[in-house]
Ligand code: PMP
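First, one chain by itself in structure tokens, the form predicted on its own.
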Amino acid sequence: MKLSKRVAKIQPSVTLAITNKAKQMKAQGIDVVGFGAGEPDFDTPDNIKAAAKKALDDGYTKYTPVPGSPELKDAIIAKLSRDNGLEYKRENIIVSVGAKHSIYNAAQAFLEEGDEVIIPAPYWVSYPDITLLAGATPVIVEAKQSTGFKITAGQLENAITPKTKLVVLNSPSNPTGAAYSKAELEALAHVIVKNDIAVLSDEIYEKLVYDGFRFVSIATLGEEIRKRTILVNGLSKSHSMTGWRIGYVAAEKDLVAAMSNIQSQSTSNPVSFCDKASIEALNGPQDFLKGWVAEFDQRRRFMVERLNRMPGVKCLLPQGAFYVFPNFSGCYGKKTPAGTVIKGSADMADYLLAEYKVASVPGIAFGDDACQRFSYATSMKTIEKGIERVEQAVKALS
């Protein structure tokens, strides 16, 4: 069968591929330390699971409204008001099958052939491919380690052309953990409004921040930027509900209506009983987060401190999320004990997995070949074992 041209433009998710490979090795009895997963290792809180069970027992298993039930939309609206100081109506909200699906639908509804989308690198692996699937062109702007993996207003201004329609902003970031301050966001918002483009603000790691950092949504910085913002969030990271697949968008009603039309012809509604669980997640107790963040913080500091001890490795302390993004370029050009030369991040990832049974994600998948992404969404015991192996691997290079 002859496949469509669009399929040739995209690649499978590297992060999912690495995670699956590590799982296969574990299934074979191999002692693999997995630093690839992008999901919290904590269980979904019991009250949320209980809400899903009750929904099942109550027979809440049929079709629901395509863009999410009114009750779930109201819970999202209440959350955005309570946590972010943003006011939306039901017509501004659509619930989809995870935040990735939300971004995909937004791209399908908003982008077309000839449009350009500015994507800061390092970037989440799916942004360029989702852009390509919508027929638009990704324009990559490099955010270097020396600038904290954040782009400046000047970089954004210089990247804008008459074809620019959207800029993607992910704060806190996957893969770097970098987060933009209010002042940095204000500078970016000024450029966005001045050039009359839109911003997709991926806020999925909003709740996972450290050292007293105050998360700010770019949509809060005035009416002009708010109406140009496609705000994306969900419950996967904040409530450890990755498998439940609930994400949402808050945006102008015309875009939300178009996204709903697209969704009606693809997945239709979010899973019914996950709808009820999500209402409980948003409206119920949030006190568990304090303990989660404290545990992530401990792991974060340990990993960064140990990585920075290794010869040829440099690692910034991330401001949010649950990833570190160490620079291994000081190891490039060296040989493994088997005589293989490490030429880039893919070689480094292969070496760590094959020889030391540590699964990481090569930075090239995120647009930065100097780095590796390690997730610290795993136990401290596992982290200690894995980091010890990484150190052995680095010291074995010559």
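Counting begins at 1, following the sequence as shown. This structure is a prediction, so every number in the text was calculated from the model and none was measured.
From this point on, the text means the form predicted in complex with the ligand, which you will not see here.
This chain is drawn without the ligand; in the predicted bound form, the residue among 198, 103, 185, 156 with a heavy atom within 4.5 Å of it is 103.
In summary, among the residues 88, 215, 127, 149, the only one with a non-hydrogen atom within 4.5 Å of the ligand in the predicted bound form is 127. Contact with the ligand in the predicted bound form, judged as any non-hydrogen atom within 4.5 angstroms, is confined among 185-193, 135-143, 166-174, 291-299 to 166-174. Shown alone here, residue 236 lies within 4.5 Å of the ligand in the predicted bound form, counting heavy atoms only. Within this chain, residue 273 is remote from the site of the ligand in the predicted bound form, having no heavy atom within 4.5 Å. Interface residue remark: residue 245 is counted as part of the site for the ligand in the predicted bound form, having a heavy atom within 4.5 Å. For the chain shown alone, residue 98 is a contact residue for the ligand in the predicted bound form, at least one non-hydrogen atom being within 4.5 angstroms. Contacts of stretch 193-229 with the ligand in the predicted bound form, defined by any heavy atom lying within 4.5 Å, are made by 202, 204, 205, listed in sequence order.
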